[in-house]
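Coming up is one lone chain in structure tokens, specifically the form predicted alone.
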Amino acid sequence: MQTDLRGRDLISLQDFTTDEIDTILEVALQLKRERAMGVPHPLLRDKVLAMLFFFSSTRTRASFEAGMAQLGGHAQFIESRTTQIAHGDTPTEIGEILGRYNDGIAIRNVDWGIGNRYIRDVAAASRVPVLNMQCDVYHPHQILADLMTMRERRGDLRGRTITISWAYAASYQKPISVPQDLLLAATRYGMDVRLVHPPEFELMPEILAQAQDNARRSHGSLERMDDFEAGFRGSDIVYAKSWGALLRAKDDADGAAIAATYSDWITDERRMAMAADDAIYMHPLPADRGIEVADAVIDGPRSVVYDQAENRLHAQKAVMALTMR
């Protein structure tokens, strides 16, 4: 266990060793047990987390706010469009000022080509930890919850087959940060990873290169596929969600038109039956029901989506407790 993560930014899990990630997950499980038994853990009493949102949120805002309250502190909600951030506050000013007012800064900015850079610029100016609540490249707190859920359900992940697949959704062109970050994490833990998507929905080349290196180092594997149903066959974990053709599309309308040609990429009962007998279905939510996934799957016995959502709370509390104390 790594016992000193005080003051660390969490922008990408690639910046943390697997020992450090394991520490976060161990603390998360401890905090989850304590909450189940009603044991208080005010580890961050009188601490304040500034939460800066450039993008709408349900689970992220609710879980960070609840987590800070349960740790004895306070979460300060800041919406970019209703503050002076919309009128000229720079990342350096945000890092300097919020870093002097608060004990941590959490940011969600998924603007393509902007989000990750913005968070890193704030972190460079901040004297307190900066936590990535999702950017255009990474979604580390979601992935911590995913790892936690997979371990609870499947134990040692080495040698387990996980299918990280694109699925159709009509609502909007969703960020690619979840599949990218999940790909990086799964390959670090020795999993046999199937990355499945139509040709137009590729991920960033540098992320794929890092994932290949991770798989080599962990003695796992990474297979790229473009056959939706083949990706399900025999898989232990099916993580099928939509993301935008951000590296290919000219604009949102173009991306939606490309996606519409693959509207049959829906996770339904027939396809889940192709997976292993004890396979689980995962999704970070929200899902486009009846389009991205069938109700019978997401509400069925194989689905662990609510466990994932709950584990956001515990994983984030662990990160805050370890970095902001």
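Numbers for residues come from their place in the sequence shown, where the first is 1. The shown structure was predicted, so the numbers you read here are calculated from the model rather than taken from an experiment.
One more form of this protein exists, namely the form predicted together with a small molecule; it is left out here, but the text below deals with it.
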Is every one of 58, 139 and 142 within 4.5 Å of the small molecule in the predicted bound form, counting heavy atoms?
yes
Would residue 284 show up as a contact with the small molecule in the predicted bound form if we use heavy atoms at 4.5 Å?
yes
Contact test in the predicted bound form: residue 312 vs the small molecule, heavy atoms, 4.5 Å
yes
With the partner left out here, check for me: in the predicted bound form, does some heavy atom of residue 108 sit within 4.5 Å of the small molecule?
yes
Counting only non-hydrogen atoms, the one stretch of 254-262, 44-52, 58-66, 269-277 within 4.5 angstroms of the small molecule in the predicted bound form is 58-66
